[in-house]
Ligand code: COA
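First, one chain by itself: the form predicted on its own, in structure tokens.
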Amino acid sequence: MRSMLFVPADSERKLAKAQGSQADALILDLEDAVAPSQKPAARQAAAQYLQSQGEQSKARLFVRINPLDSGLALDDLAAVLVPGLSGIMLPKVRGAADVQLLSHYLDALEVRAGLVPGSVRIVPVATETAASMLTMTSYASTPLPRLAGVTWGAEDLSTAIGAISNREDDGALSPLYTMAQSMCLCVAGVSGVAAIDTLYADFRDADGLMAACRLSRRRGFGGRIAIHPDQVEVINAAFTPSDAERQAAQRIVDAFDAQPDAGVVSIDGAMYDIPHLKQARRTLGQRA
């Protein structure tokens, strides 16, 4: 999932526009993008969209439900656990225990809906609460077979700790948020799933988005949240290996295949070892 595009579930116009994008996943939003008075209608709209578009959608279809402690999450889940649903994005997570609890809910609701057990996956927004920053290591010791990826967020974390801004005077992220970003990478790594970078707010700034995506890909992210259809093409391009990268990776794989007992190979005077081989295979396994 290189690109995950947020769409307010109560906006028929925006759902139709998002459907024409090339996003790898659409996130039908029941949380922040929907006014409290509209949440019941948004649930029903999301369920109808999933049922009508799920089988023919090129994008995987996720729903961002309301937080588990909001009193709304179970109603959200009961409405949207229908055929066509690929996964749930869980906001304002407090730790791996929240992801595990959601998984238990899904176990029961999948049976009720006649869905294949374990088929609905979970992407937690792992850093939006103060508690989450103190429990990130819980992912290393908690089995989470439904985990499909991990993302992070800075805006809600700022609110949780009472920060005026999450950025310094020069525009760089403040230390707490760079730590949150780094911990997201670690959680994804220990869980064996993709790390998905947070949103880039200025959807008109394609050059800035491309630069940010290239940086996050170098750091280990496999994709990014999009908040506007115009961002999708840039994100997909940034997180797709170039022809040159794929050719270089193939040379590494070929060199090791030619010397199956070697721990190190030489290509054009440079030495490559097993970590390079793993990275090369990962590059070739990514969507081209």
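As the structure is a computational prediction, the values presented were derived from the model and not from experiment. Throughout, we count residues from 1 along the sequence that is shown.
The protein also exists as the form predicted in complex with this ligand; that form is not presented, and the subsequent description refers to it.
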Heavy atoms within 4.5 Å of this ligand in the predicted bound form: which stretch in 53-61, 241-249, 256-264, 221-229 meets that?
221-229
Contact with this ligand in the predicted bound form for Y105, defined as at least one heavy atom pair within 4.5 Å: yes or no?
no
Would M1 sit within 4.5 Å of this ligand in the predicted bound form, counting heavy atoms only?
no
Contact with this ligand in the predicted bound form for A33, defined as at least one heavy atom pair within 4.5 Å: yes or no?
yes
So in the predicted bound form, does A18 come within 4.5 Å of this ligand, heavy atom to heavy atom?
yes
Considering A212, L199, A180, I122, which brings a non-hydrogen atom within 4.5 Å of this ligand in the predicted bound form?
L199
If we check this ligand in the predicted bound form, which of the residues in 1-18 reach within 4.5 angstroms of it by a non-hydrogen atom?
L5, F6, V7, P8, R13, K14, K17, A18
